[in-house]
Each structure stands twice: as C-alpha cells, then as structure tokens.
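Next comes just one chain, in structure tokens: the form predicted on its own.
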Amino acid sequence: MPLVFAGIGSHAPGIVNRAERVEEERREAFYDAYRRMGQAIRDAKADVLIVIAAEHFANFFMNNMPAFAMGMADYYEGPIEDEAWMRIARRKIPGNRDLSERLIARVMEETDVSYCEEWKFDHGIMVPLNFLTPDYDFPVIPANINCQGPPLTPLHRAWAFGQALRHAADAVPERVAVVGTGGISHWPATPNSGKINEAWDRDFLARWQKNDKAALLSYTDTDTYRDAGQGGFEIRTFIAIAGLAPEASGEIWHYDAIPPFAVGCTVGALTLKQTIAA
C-alpha cells in the first residue's frame, strides 16, 4: 500500500510545559497546525503512524548508540521525563509488533537498522503525539536517528533511511503515515536556550519544500552547530521525510520562532502524488 501521509513537526518540551508564556492566539495557531496534521493522518485512513525522532539519551547512550533504530513492540511507555514537568501524564501507547517486524525486515534489505522491543518515549515523540493522537489510541512505531552522539548519522544516510522506509511501507498492505520530528535551530540545555535563528530556519525549510536533495545534504555539522546549535543536528529527521518521497514537494503549514518554546515551531507535509485508494 502506498505511503499515505508524510510530515514534519517540532518537538521541544517547552511547547507543552511553558504554554502559558506565549500569548494564546500565537500558541493556538501552532497547536492548530499540529491538530490539522492529526486530522490529515486520520483522513488518510492510516493504520499506523511511524514517528522518526531524535532521541535525547533516554534509551540510547554512548555505550550503545545506533545510527538508526526502530521499535518492535506491542506497546510503549512515555513520557520518560517527570510527568508534572512535562504536563503529559505517563501512559502506554499502542504499537504493532507484527507490522514493525515486517517493516524492519524490509528496511534491513537496504540499510542497517537496530530494533528495540522496549522503548521509553521522551518528549521527542510524546509532544507530537499530544496533538496528533491526543487519546493515545493510535498504533505508533518509533524510529530514531542518531542526532546527539558523535559521530552523528551522515545526512545522506538519513535520506537513504527515508527511502528504505518508503520501500518498506509500499511493500505492506497496511496504510502507513510517517512524521519526522525535531527542532530546526535551537540550543537546548545551554545558556542560549530560547535562541532561534529564524533566517537559518526559513532557508532550511525552503530547501525542504523544494525537496532539493543536493541543497539538503550540503550542510556540514560544523556549520549547523555554529548557525543552528546542537539542536540543529535534528534536521536529519526532516531530511529522512524528504527521502521518503523525493518526487514530492513540501508545504509548510506553520512556522513561528517562539523563544519560550525554545525552537522554531514548525508543521509541514509533503504533497504525495499518488492517489489514495478508498
């Protein structure tokens, strides 16, 4: 079954735990864009949502840092962070072990990927799910790209992972939606937290909208760290989404540089060209 939805979104914890610091109209415009994405996934009649995130040393550390990992479980738990701090109650999130195993086996035909039968979701997945599937009743398959522990996953490999995931999705009968979550420019857990390089963000998003592979893969980690902070390394998740459908252009549904949320708040989707069967 062809891929039925592919999108991108931001995931900083401040999006939910500092909500009152942003004026209502501005905050709700961002939230509404995320809710629109959730509705688009439901309208596409997706059977599962794959969330490609950048993990934050919650499950993977320097003793075991895979370039790519996917979940393979019947359910997951999250958030791993303190519930009161996150303002999201800890819960079980349904998975789909059988489908996960079939997808992972197909991805392995093209690229190396680790798999995990246990996974504690941190804010990188829980913040998007808070808006996309607020009842947490929709099957989710987590995926992680190493954006945090050098040597980081190369950008061209992130693109290739997206391609492999697309081929895997097209090989199963289930309808698959995929969302890549991360920051664009941000400096989490540093004295520069709250800093956002809006010009850099908008340039990256323009490249993503055009699905310009050469331009997307031209970034170096040195330049990204200088211009977009260590949080900018998470462009890998957005690049993986571009790799899902290199023939598709993208549309940015929302962008706003919101310092209290400490990230350029982004929601967007690829315009997939195939007709979705009823």
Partner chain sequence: MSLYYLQKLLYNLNREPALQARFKADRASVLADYDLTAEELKALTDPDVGLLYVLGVNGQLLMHYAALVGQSWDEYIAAMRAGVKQYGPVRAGIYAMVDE
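Numbering follows the first chain given and starts at 1. Being a predicted model, the structure only gives us computed values, none of them experimental.
Missing here is the form predicted together with the partner chain; even so, the following discussion is about that form.
Worksheet item: Wondering, does residue 174 line up within 4.5 Å of the partner chain in the model of the complex on heavy atoms?
Response: Because no heavy atom of residue 174 falls inside 4.5 Å of the partner chain in the model of the complex, the answer is no.
Discussion item. Against the partner chain in the model of the complex, would residue 111 count as a contact residue? Criterion: heavy atoms within 4.5 Å.
Written reply: Residue 111 lies outside the contact set for the partner chain.
Worksheet item: So in the model of the complex, does any heavy atom of residue 187 sit within 4.5 Å of the partner chain?
Response: Residue 187: contacts the partner chain in the model of the complex.
Worksheet item: Taking heavy atoms and a 4.5 Å cut-off, does residue 92 contact the partner chain in the model of the complex?
Response: Taking the distances in the model of the complex, the answer for residue 92 is no, it never comes within 4.5 Å of the partner chain.
Worksheet item: For the spot marked by 56, 62 and 81, is every residue within 4.5 Å of the partner chain in the model of the complex through some heavy atom?
Response: Yes, the whole trio is in contact, each within 4.5 Å by some heavy atom.
Worksheet item: Counting only heavy atoms and a 4.5 Å cutoff, which of 114-122, 93-101, 163-171, 132-140 contacts the partner chain in the model of the complex?
Response: Only one stretch passes the 4.5 Å heavy-atom test: 114-122.
Worksheet entry | Residues from 216-243 in contact with the partner chain (non-hydrogen atom within 4.5 Å) in the model of the complex | The stretch touches the partner through 225, 230, 233.
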